[in-house]
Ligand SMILES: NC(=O)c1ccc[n+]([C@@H]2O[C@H](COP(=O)([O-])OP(=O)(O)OC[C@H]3O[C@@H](n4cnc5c(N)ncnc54)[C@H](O)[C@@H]3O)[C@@H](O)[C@H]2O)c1
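First comes one chain, alone, set out as structure tokens in the form predicted alone.
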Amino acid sequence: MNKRVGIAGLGAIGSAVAKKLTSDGGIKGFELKYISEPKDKSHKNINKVSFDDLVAQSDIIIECLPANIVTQLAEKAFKANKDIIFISSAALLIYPQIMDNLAKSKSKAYLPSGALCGLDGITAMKEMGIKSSKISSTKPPMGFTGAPYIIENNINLKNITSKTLIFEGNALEAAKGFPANINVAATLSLAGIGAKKTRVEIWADPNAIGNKHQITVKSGYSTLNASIENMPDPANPKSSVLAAQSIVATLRNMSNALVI
């Protein structure tokens, strides 16, 4: 029997996952039954429900929400001991009660790789002890529009004419300053040595075609250097097309006999 899937949030990422679940062939073992967008008209055969009903009736929940709303969904899911796939990993750093509530529940939380690569190597290196972890993210300036850090520091993104370092700090600070842009740094920190020890650089480059992330992680025996450049999602330039596909890959791995 297929597991009933509920998607919370039907923006660019949620819509892409919904399309994959409802296209010919779908995803083995899963069926999209509920979404939390009452005004959605593109999925006529899918039930539009509240968070409460989505949690109560779904077997697994996919979170595709703004970071400041994730706590509402997570609290309900964990009280019901439901499993959840998070794409807004920055919320797990900004709102520590999410992880506290998870620890008290019988739920499992899945964190897809999002727009990153190399996470399998990082989790292996963690077993040996990671000495340092750093990520440098570069995006076109307007991709940072509306970020709290940009607003608080009165940064005029239109005035950036060359590649410019606009933020340097740890992953917790980056998550708070760029909650919609820097899930990659949050995921790296959760896979590695934690938010306060993971260093983050954020660059705005008007000549950048896509969103680029460079990772350097060092242990006593290994050094991992990884770089990936993703085209921004046309529906949401703050994210990449790869983010949605990482959720799809997570679902497939949950039902595959061979997990890579």
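In this text the structure is predicted, and so the values were computed from the model without any measurement. Numbering starts at 1 and follows the sequence shown.
Another form, the form predicted together with the named molecule, is not on view; read the next lines as being about it.
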Listed residue (191, 61, 65, 217) with a non-hydrogen atom within 4.5 angstroms of the named molecule in the predicted complex: 65
Of the residues 109, 150, 94, 180, which one places a heavy atom within 4.5 Å of the named molecule in the predicted complex? 180
Honest question, do 170, 198 and 227 all end up within 4.5 Å of the named molecule in the predicted complex by heavy atom distance? no
Does residue 18 reach the named molecule in the predicted complex if we count a contact as any heavy atom within 4.5 Å? no
Partner contact for residue 249 in the predicted complex: the named molecule, 4.5 angstroms, heavy atom: no
Answer yes if any heavy atom of residue 115 is within 4.5 Å of a heavy atom of the named molecule in the predicted complex; otherwise answer no. yes
Is it the case that residue 30, even though its partner is missing from this view, gets within 4.5 Å of the named molecule in the predicted complex, heavy atoms only? no
Candidate stretches 123 to 131, 85 to 93, 98 to 106, 158 to 166, one within 4.5 Å of the named molecule in the predicted complex by heavy atom: 85 to 93
If you look in the predicted complex, which residues in 2 to 21 sit within 4.5 Å of the named molecule (heavy atoms)? 9, 10, 11, 12, 13, 14
Between the shown chain and the other structure, the Cα gap of residue 6 to residue 40 differs by 3 Å or more. Is it closer or farther in the predicted complex? farther
Evidently the Cα separation of residue 34 and residue 40 changes by 3 Å or more in the predicted complex, so the atoms lie farther
